[in-house]
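Take a look at this one chain, the form predicted alone, written out in structure tokens.
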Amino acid sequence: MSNLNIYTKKLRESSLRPTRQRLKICEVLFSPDKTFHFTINDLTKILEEKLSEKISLATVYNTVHAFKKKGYLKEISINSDKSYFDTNVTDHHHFFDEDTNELIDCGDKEIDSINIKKNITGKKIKSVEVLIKVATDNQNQN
């Protein structure tokens, strides 16, 4: 199946019409060999650099959220007003560098097993994903 057919299928499964602009968004999100993290604003800038036309922020926002809802993207909330999206939807951990605002994958082998001692009654744990926030240690710099 060609990339165009794959992108069209993803859009339709996400209840979106496969417009030229949405297909371009798919091309950026799903064609790279390597998964990546982005904010909506990051993705808008990437699209503007790759294309000679501008795609509205609303189109980018709606497309990303439709893909998230369908499970094609994962949202990682850093705080109440900052979210990143990840094209790697498997369960995995992250570092967040507060100096550079960069989200970095952290593999299972880099974290010992996590022991959850309590659960919420009537609920089942689906996954455990750790977000580790890091920043420059100014006290140790001379």
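For the two forms, the rigid core is made up of the largest set of C-alpha atoms that agree within 1.5 Å on superposition. Quick note: we count residues from 1 along the sequence shown, nothing fancier. Fair warning: this is a prediction, and the values are worked out from it, not measured in the lab.
Unshown form predicted in complex with a further copy of the same chain; subsequent notes refer to it.
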message: Given a 4.5 Å cut-off on heavy atoms, tell me which of 42-50, 25-33, 111-119, 57-65 is the interface stretch with a further copy of the same chain in the predicted bound form.
response: 111-119
message: Can you tell me whether K124 touches a further copy of the same chain? I mean in the predicted bound form, with a 4.5 angstroms heavy atom cut-off.
response: yes
- prompt: Wondering, does N5 line up within 4.5 Å of a further copy of the same chain in the predicted bound form on heavy atoms?
  reply: no
task: Please check if S77 has a heavy atom lying within 4.5 Å of any heavy atom of a further copy of the same chain in the predicted bound form.
output: yes
message: So in the predicted bound form, is a further copy of the same chain close enough to V89 to count as touching (4.5 Å, heavy atoms)?
response: no
- prompt: Comparing between this form and the one not shown on the rigid core: C-alpha of D81 shifted by 2 Å or more?
  reply: yes
message: Taking 2 Å as the cut-off, check whether the CA of D91 shifts that much or more between this form and the one not shown after a rigid core fit.
response: no
query: 2 Å or more on the CA of V128 between this form and the one not shown, with the rigid core superposed, yes or no?
result: yes
